[in-house]
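First comes one chain, alone, set out as structure tokens in the form predicted on its own.
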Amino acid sequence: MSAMAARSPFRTDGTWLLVGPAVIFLMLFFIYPFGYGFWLSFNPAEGAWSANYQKFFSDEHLWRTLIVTFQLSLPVTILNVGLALPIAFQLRRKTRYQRWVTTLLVIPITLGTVLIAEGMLTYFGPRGWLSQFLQLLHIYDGPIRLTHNFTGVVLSLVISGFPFAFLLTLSYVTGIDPTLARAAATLGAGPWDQFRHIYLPLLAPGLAITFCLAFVQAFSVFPSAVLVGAPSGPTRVISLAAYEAAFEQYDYSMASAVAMIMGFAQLIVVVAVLGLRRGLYRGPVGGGKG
């Protein structure tokens, strides 16, 4: 009886009841779509099995979308994580200011990209409040072009992406035991030495994950590039190329190929960041509070 129970997939401790649905969900919504899209990308309507990929890398109108997307996503991700780290470090202690700041930064996440774009057009548009205010004070003559260009997409990605990076970084910073820094202070370590030798090594895994998640979020930019960018010019990103192939040209095989290229480009950056993380501090302390 005990041997039959050991071989049964329905374990008595309820593990299968939790793991089973998760595996099925993963298969249905991630593995199968990826496998089908990968297979579809090598089945073009015309030409050899690699015709879609040859078309992408031979057409400047297509392969430049990959460069534009990197030019948008990488600097924005570095900026968001770079700004989030010192602010989260200063707010690591639980105070009323931490609660207020955290609450205010959650608002852009709940608004979504469309409402953020609408607000940007109201405040930063050629006839927005900022332009009218500067013209009223005679500080700047003429409309300010902060939307419908590369700058508008960058601002949108910072407004929507910084709260996400900040909240993740804050959760990692507050998880580090403060007694480690106090012990270092008794040995003569100043604030900078405490941050460099204690906090930063323990934050490295969390910062790497935050960077990867923020990069993937910025790399998949689509609404911002259309609403506050110039989708036919400097902000023609790779997700827009996939959309046009699928819903304007009705070439789902080509759209799948563009999506595969997009996914592998993100994977290269994620693997590089995680590989760099492995080359940094690797010690016995995990950083969590006891």
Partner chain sequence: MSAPSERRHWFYSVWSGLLLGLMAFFILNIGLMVAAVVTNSFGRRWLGTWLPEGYTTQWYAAAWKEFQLGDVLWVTAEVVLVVVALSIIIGVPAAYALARRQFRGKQLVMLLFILPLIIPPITYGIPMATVMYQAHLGGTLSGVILSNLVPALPFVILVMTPFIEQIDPTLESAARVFGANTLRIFWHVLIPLLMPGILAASLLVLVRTIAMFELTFLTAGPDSQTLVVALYYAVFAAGVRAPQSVDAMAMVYMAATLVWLLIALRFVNPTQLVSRVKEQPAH
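Under this definition, the rigid core comprises the largest set of C-alpha atoms superposing within 1.5 Å between the forms. For clarity, every value in this text was computed on a predicted model and none was experimentally measured. Positions refer to the first chain, counted from 1.
One more form of this protein should be noted, the form predicted in complex with the partner chain, which is absent from this view; the next part is about it.
Although the partner is absent from the chain shown here, 36, 216 and 239 each have a heavy atom within 4.5 Å of the partner chain in the predicted complex. Though the partner is left out of this view, residue 145 does not reach within 4.5 Å of the partner chain in the predicted complex, counting heavy atoms only.
In the predicted complex, the partner chain sits beyond 4.5 Å of every heavy atom of residue 42. A residue is said to contact a partner when one of its heavy atoms sits within 4.5 Å of a partner heavy atom; residue 230 fails this definition for the partner chain in the predicted complex, lying far away. Under a 4.5 angstroms non-hydrogen atom cutoff, the partner chain in the predicted complex lacks residue 125 among its neighbouring residues. Although the partner chain is not shown here, in the predicted complex the stretch 146 to 168 places heavy atoms of 158, 159, 162, 163, 164, 166, 167, 168 within 4.5 Å of it, in sequence order. Core-superposed comparison between this form and the one not shown: the Cα of residue 45 travels less than 2 Å. Residue 29 is among the residues whose C-alpha shifts by 2 Å or more between this form and the one not shown once the rigid core is aligned.
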